[in-house]
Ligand code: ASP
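First, one chain by itself in structure tokens, the form predicted alone.
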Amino acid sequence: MKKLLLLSTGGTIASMPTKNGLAPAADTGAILQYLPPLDDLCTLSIQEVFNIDSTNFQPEHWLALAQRIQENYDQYDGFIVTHGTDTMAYTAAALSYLIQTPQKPIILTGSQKPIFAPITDAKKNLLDSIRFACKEGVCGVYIVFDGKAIVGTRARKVRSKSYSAFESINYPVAAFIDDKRILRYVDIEPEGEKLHFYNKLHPKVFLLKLIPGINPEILRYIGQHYDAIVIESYGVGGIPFHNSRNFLQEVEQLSKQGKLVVITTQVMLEGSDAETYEVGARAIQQYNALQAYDMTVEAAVVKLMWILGQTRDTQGMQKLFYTPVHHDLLS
């Protein structure tokens, strides 16, 4: 029988009504009272790490959560993290980079309705997470939600209210959980490398969403305060350079300053292919911009924070960005 540790961080699953709306308030022990007995499935221990709305999550919280898992890693067979949905995809990506090639499951879950609500998805999501963590051969970071197990670097919240809040982007759903029945569609096993915990992130990463009419001088300001910029461009990825709104000139200056510039796309599915058109090819070929390809925006942003925490060597940063971690990038 497996021994699991549940780490609670707050979120909707633990929220109760207040005069200002729902806010995390319930202790983890009270949450578990709403689940059926788990004696035939696993032994479950509980630790509260935070009790906050996930909107308030920051890189410091990711580091603390990874550290808590590291401190308890040898004592448990797997970990369940209850978390708010709004930034869950970022946290799943962060744990994927901070805890690489774990031999055990690290499952994030939460709910769209509090567990105390008369009608809620919380009980199903939590029980599904426990069952998936108990499944033999499961290892790595996942989000389990609405009967789906999604690789931690591939998740995105795509619905703000519906129970089916998350989808797997540019990668298959790893498994479907139907009560006690678990159908694994993708076998994700360790790649033979040793477990590695990281304890550094550099959060000075900016995400800029392009819109028609935006002034390229914004990049000068961003470059003064951030060390990496992800530009969420159009279509397969491109940087406007027509007439007075010439972003390429600013990208060139950022590159000379040693800043990382990454091109991604506003289109949710299929990723970037920036060299297809002149507007993207010039940025890649002449000004050393990188591109995210099929990576999610969440994974690209957090990966840059992790990379900047490891090295400031330009070639080293570029190599790490294009090195797949937990299936964040199809090689």
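Residue numbers here begin at 1 and follow the sequence given. As the structure is a prediction and not an experimental result, all values here were calculated from the model.
Here the subject shifts to the form predicted together with this ligand, a form of this protein not shown in this document.
Contact check at 4.5 Å (heavy atoms) against this ligand in the predicted bound form: all three of Thr12, Ser54 and Thr85 pass. Taking a 4.5 Å heavy atom cutoff to this ligand in the predicted bound form, the contact residue among Ser111, Ser129, Ser96, Ser233 is Ser111.
The stretch in contact with this ligand in the predicted bound form, judged by heavy atoms within 4.5 Å, is 54-62, chosen from 284-292, 54-62, 267-275, 27-35.
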